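To begin, one chain is listed below as structure tokens, in the form predicted alone.
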């Protein structure tokens, strides 16, 4: 389930099935999110209007909800889409951008938990902040998209949040962690330059949705997504001089990625 060969099989299935991924995401990352999904072999759709989301989400293979630049109208669309996805057993991923830093979006994220996200994917401070909210602790989080905590410092919060929400929780960081509340898997791929590219965390969320669309195991899908982006970033960083060209190189690596690359480069460690 967590072997490099399993990751390669998920990658192959995305290419074969071309899953339709419905994204309700933020304006900063719309283009990079769409391009990452296209490079991977999925089909992105950015449908946000509340008049359309219920009709469209049931056509999709997976849903992404990203709170990055949330508005009142978009929040309504998110809740409608999440409810429809839950009712129709369509996997969906929530990216709680900025949770703990701003109260409005934090409460929207809390409302969305009622619709049972398959995966919650965020940075350490976002995961710590959302877990604090569900347990009615004082809000604690980062400063928007930046995390003030390391991924290992968020692991206990991630396990608690996973148990509360019955969702998989995926934390990005120097080491990525994925947990179902009991089992924990660490992913040691990636590069220190990646945080300097806007939207790579949001891209990880979209890639997670693509993996969910073709992989029955939610925890495996979340692990495979972080490996795919991490390997692409790691390999791309060896070729470039800075973050501007890194983004383009990651797209190329995702597009060209094959089984041999994943077998050689994947660094997956089940630790619990």
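Note that the structure is a prediction, hence the values are computed from the model and not measured. Positions refer to the first chain, counted from 1.
Below: the form predicted in complex with a further copy of the same chain, not depicted.
In the model of the complex, at least one heavy atom of residue 195 sits within 4.5 Å of a further copy of the same chain. A residue is said to contact a partner when one of its heavy atoms sits within 4.5 Å of a partner heavy atom; residue 251 meets this definition for a further copy of the same chain in the model of the complex. Looking at residue 216, you'd find every heavy atom of it more than 4.5 angstroms from a further copy of the same chain in the model of the complex.
Taking the partner from elsewhere, residue 238 is found to have every heavy atom lying beyond 4.5 Å of a further copy of the same chain in the model of the complex. Proximity of 184, 230 and 260 to a further copy of the same chain in the model of the complex is absent: no residue of the three has a non-hydrogen atom within 4.5 angstroms. Along 87-125, these residues reach a heavy atom to within 4.5 Å of a further copy of the same chain in the model of the complex: 101, 102, 103, 104, 105.
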